[in-house]
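Shown here is one chain on its own, the form predicted alone, set out as structure tokens.
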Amino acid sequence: MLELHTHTTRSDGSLTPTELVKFAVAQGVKALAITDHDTMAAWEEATEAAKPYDLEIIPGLELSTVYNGRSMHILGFYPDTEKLQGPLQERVDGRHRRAQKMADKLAELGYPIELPNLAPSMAPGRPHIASALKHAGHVNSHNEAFDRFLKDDGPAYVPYEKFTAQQGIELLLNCGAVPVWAHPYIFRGGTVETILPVLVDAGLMGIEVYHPTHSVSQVRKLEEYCERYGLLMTGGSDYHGPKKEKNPDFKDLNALGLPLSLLPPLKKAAYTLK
């Protein structure tokens, strides 16, 4: 009944905030965190859409950072909007520059695309570029776009502008947000065992233990790490909306069946930061 990791059309999801809220209600979700990439733009619409229902909207975001030269995502829950808005716009501007560099690389390779025009609070990410490649007829699917061009170390891949995970954690803490390492076992820049102590020293407060890509043994290991370091445990489906192409890494909303008991410790931690 708890979802702490979802996306809307305000970043790379396929449902609007209102559509996501209605689907969450239909799926039996009682508390929903919207964690779009580097933006808080969905919160107002989602909160308004949730008013007729028994659904709590949890303000969150998924911050794009870099560790060991690899993309690392840090979730932030209950941030101070006014404090975070300016720094987030800087991140969005950086994502625009990154998207343009990837488009330039594709053009040099002989696969020109047209980047989409998005709202001011949004910037094209790799899923948008994959869609542009498909729309231009260069690939037959999003998976092909990633496999041929956009995966890490792919010929058109461009890393995020330097903004370290430690800097991201510090930013979130300074803005009253609880920083949580998203899907640690997706990360390819080192082992969880060696990286986690560094992030904890930087102020990390939680781990996304429950994620569709984590195996049972990985979940158990992350639960042990949370116990060892005194970290919060969160989880979510990382829902991006209905998938036209089958992707086993993404499950339906509320598929993990997470209990609401994970939420009070997160709220308490957020309260201590205010």
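All values reported here derive from a predicted model rather than from experimental measurement. Start at 1 and count along the sequence shown; that's the residue number.
The next section is about a form of this same protein that is not shown, the form predicted together with a small molecule.
For the options G94, G176, P87, G125, the one in contact with the small molecule in the model of the complex, meaning a heavy atom within 4.5 Å, is G125. Although the partner is absent here, H240 is a contact residue: one of its heavy atoms lies within 4.5 angstroms of the small molecule in the model of the complex. Contact annotation: H138 falls outside 4.5 Å of the small molecule in the model of the complex, judged by heavy atom distances. None of the heavy atoms of K221 is located within 4.5 Å of the small molecule in the model of the complex.
Contact annotation: K105 falls outside 4.5 Å of the small molecule in the model of the complex, judged by heavy atom distances. Residues within 4.5 angstroms of the small molecule in the model of the complex, judged by any non-hydrogen atom, belong to 95-103 and to none of the other stretches in 113-121, 200-208, 164-172, 95-103.
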